[in-house]
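Okay, here we've got a single chain as structure tokens, the form predicted alone, with questions on binding and movement later.
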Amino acid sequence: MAAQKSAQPAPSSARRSERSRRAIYDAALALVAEVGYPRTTIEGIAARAGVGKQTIYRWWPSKAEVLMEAFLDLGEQAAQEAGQESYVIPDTGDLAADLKGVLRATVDQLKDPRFAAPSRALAAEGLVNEELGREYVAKLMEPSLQLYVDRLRAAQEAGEVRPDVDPRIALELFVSPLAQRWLQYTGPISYEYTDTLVDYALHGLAPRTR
């Protein structure tokens, strides 16, 4: 009697779902970079990803949600490539060095083609699309800004920053100029530039001498 062939395991539905989700992320980021946010559609994302649009609507209510999640996932991948669970601002006891390090990493990210085009498209559209702008700030900007707030507060406790300084305002001294230069092409972004921003900012934040 011939031996029966062992049954082949059925493809995992979770694996299929993850493969589809990854394809949707990639398609969404590629499309928004190529044609801009207004011309990116659920139908276009579905066609490029090779899935039905009902699959996308089952997981996300809108293209904005797709793009935000895709971009967050991209950031997590980059952090893992760098050997981190997530982006952090270290506390080595040297505020200037810590800020320069994280801003240099930001320069690298902004110059990375995987990030540059989709993030520029989302940021630009967020300026004219109020709903998307709120989503962009809440989901992409705010978590990163809070890291600066936490690090500056730790520096205040260590006596590196005046106690009367508002960290939410202080972080704008080096974060906002970089964002503006990058978005508006007003000049090159480089390590030298961000190092200088930190030096200028901290010179004004240093404890007053009596």
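Position 1 is the first residue in the sequence shown; the rest follow in order. Note that the structure is a prediction, hence the values are computed from the model and not measured. We call the rigid core the largest set of C-alpha positions that still match within 1.5 Å between the two forms.
The form predicted together with another copy of the chain exists for this protein as well; it is not shown, and the discussion that follows is about that form.
Next item on the list: Just give me the single entry in Glu34, Glu65, Glu160, Asp26 that has a non-hydrogen atom within 4.5 angstroms of another copy of the chain in the predicted bound form.
Entry: Exactly one residue meets the criterion: Glu160.
Check: Ok, Ser176, Thr41, Gln54, Gln146: which has a heavy atom sitting within 4.5 Å of another copy of the chain in the predicted bound form?
Finding: Partner contact (heavy atom, 4.5 Å) among the options: Ser176.
Notebook entry, point to check: Is every one of Arg21, Val102 and Asp112 within 4.5 Å of another copy of the chain in the predicted bound form, counting heavy atoms?
Noted result: Zero of three within 4.5 Å in the predicted bound form.
Margin query: Residue-level question: is Ala30 within 4.5 Å of another copy of the chain in the predicted bound form, judged on heavy atoms?
Written below: Flag for Ala30 set to no.
Next item on the list: Answer for Val107 alone: is it within 4.5 Å of another copy of the chain in the predicted bound form, judged on heavy atom distances?
Entry: Val107 lies outside the contact set for another copy of the chain.
Next item on the list: Would you check, heavy atoms only and a 4.5 Å threshold, whether Ala47 touches another copy of the chain in the predicted bound form?
Entry: Taking the distances in the predicted bound form, the answer for Ala47 is no, it never comes within 4.5 Å of another copy of the chain.
Note to self: Since only the chain is shown here, I'm wondering whether Ala124 would be in contact with another copy of the chain in the predicted bound form (any heavy atom pair within 4.5 Å).
What the structure shows: Ala124: contacts another copy of the chain in the predicted bound form.
Checklist line | in the predicted bound form: members of 179-203 within 4.5 Å of another copy of the chain, any heavy atom | finding: The stretch touches the partner through Ala179, Gln180, Arg181, Leu183, Gln184, Tyr185, Thr186, Tyr193, Thr196, Leu197, Tyr200, Ala201, Leu202, His203.
Checklist line | After fitting the core, Arg162 CA displacement of 2 Å or more between this form and the one not shown | finding: No, Arg162 moves less than 2 Å.
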